[in-house]
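Just one chain is shown here, as structure tokens, and it is the form predicted on its own.
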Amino acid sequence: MAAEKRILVTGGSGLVGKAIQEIIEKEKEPNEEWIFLSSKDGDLSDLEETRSIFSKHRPTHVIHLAAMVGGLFKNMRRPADFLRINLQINDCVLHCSYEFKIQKCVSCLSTCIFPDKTSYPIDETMVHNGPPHPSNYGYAYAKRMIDIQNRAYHDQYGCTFTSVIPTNIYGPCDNFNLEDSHVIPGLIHKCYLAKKNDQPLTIFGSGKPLRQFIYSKDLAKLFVWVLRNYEDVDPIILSVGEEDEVSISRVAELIVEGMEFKGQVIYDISKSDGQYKKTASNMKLKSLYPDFKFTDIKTGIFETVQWFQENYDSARI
């Protein structure tokens, strides 16, 4: 019997895509077929190439993860690239989802889209209430536009396009490149090298900023739940609770512990901290999925450190 659902995952070879693959191997429903795309399958910033991919696979549902991404310093160096390339990718994927009559498209946003000057905790109603933090405005505005496009395609064509807003994601298969990574994978790689070379571990910034981190395998489970159960066009924040917010210095301590690093830890306060906090409310998620259990950050970091050490030669470094 042919699958009733053909689910196309853009960005399928990245951190979240790999985690969804792992979850689906255990939890795939009989009527589902999953297709995971990588950049090798085509250029999603090109409309004709995107059409060709949709024509080849004929999906009924889409999880849209593909994006140009990077850490704080890459965002600060290349705001025009982050804006333009992500706008192109999102427009191509959403327009093809309309053209090919996709039943549901779930796109991935980020908490960096929220206004810099705001009250806390932030929630789903506050996305467009003011400018984002200047350190990543190109990426943030491009991601905000997905929410606008979702509403526009829903209002004009009746499309079921929605989006999720995860907080800071980490886990196995992340990008551990020292120049372009986010904070946890970057610190794991730096700690690994400091231990290997018997050098101090230098952390950029003061370590004081606060963040909510979500383990990639938890996010993968929630993405699958959203695809199967969440029907609202309005976005939904996927995050641990406010009480689970941690400082960068606490994250560094856990990485040092997991890596069994015994050397000196130095905070370079000449480097930017970025946004001090962006505390998000997960009340909407809890009201719809009250029984979901998150992986605690110590367990998640230890598992990620172990994966990185075991897969160093093949990891994205």
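Nothing here was measured: the structure is a model prediction, and the numbers come from that model. Start at 1 and count along the sequence shown; that's the residue number.
Keep in mind that the form predicted together with a small molecule is not shown, yet the notes after this line are about it.
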Hey, in the predicted complex, is residue 257 touching the small molecule, heavy atoms inside 4.5 Å?
-> no
Is residue 105 close enough to touch the small molecule in the predicted complex, meaning at least one heavy atom pair within 4.5 Å?
-> no
How about residue 136: is it within 4.5 Å of the small molecule in the predicted complex, going by heavy atoms?
-> yes
Taking 4.5 angstroms as the cut-off for heavy atoms, does residue 235 touch the small molecule in the predicted complex?
-> no
Tell me whether 94, 150 and 228, taken together, all sit within 4.5 Å of the small molecule in the predicted complex, counting heavy atoms only.
-> no
Pick from 127, 72, 159, 83: which residue has any heavy atom within 4.5 angstroms of the small molecule in the predicted complex?
-> 72
Heavy atom within 4.5 Å of the small molecule in the predicted complex - residue from 79, 209, 115, 241 = 209
Among 23 to 31, 286 to 294, 257 to 265, 271 to 279, which stretch has residues whose heavy atoms lie within 4.5 Å of the small molecule in the predicted complex?
-> 271 to 279
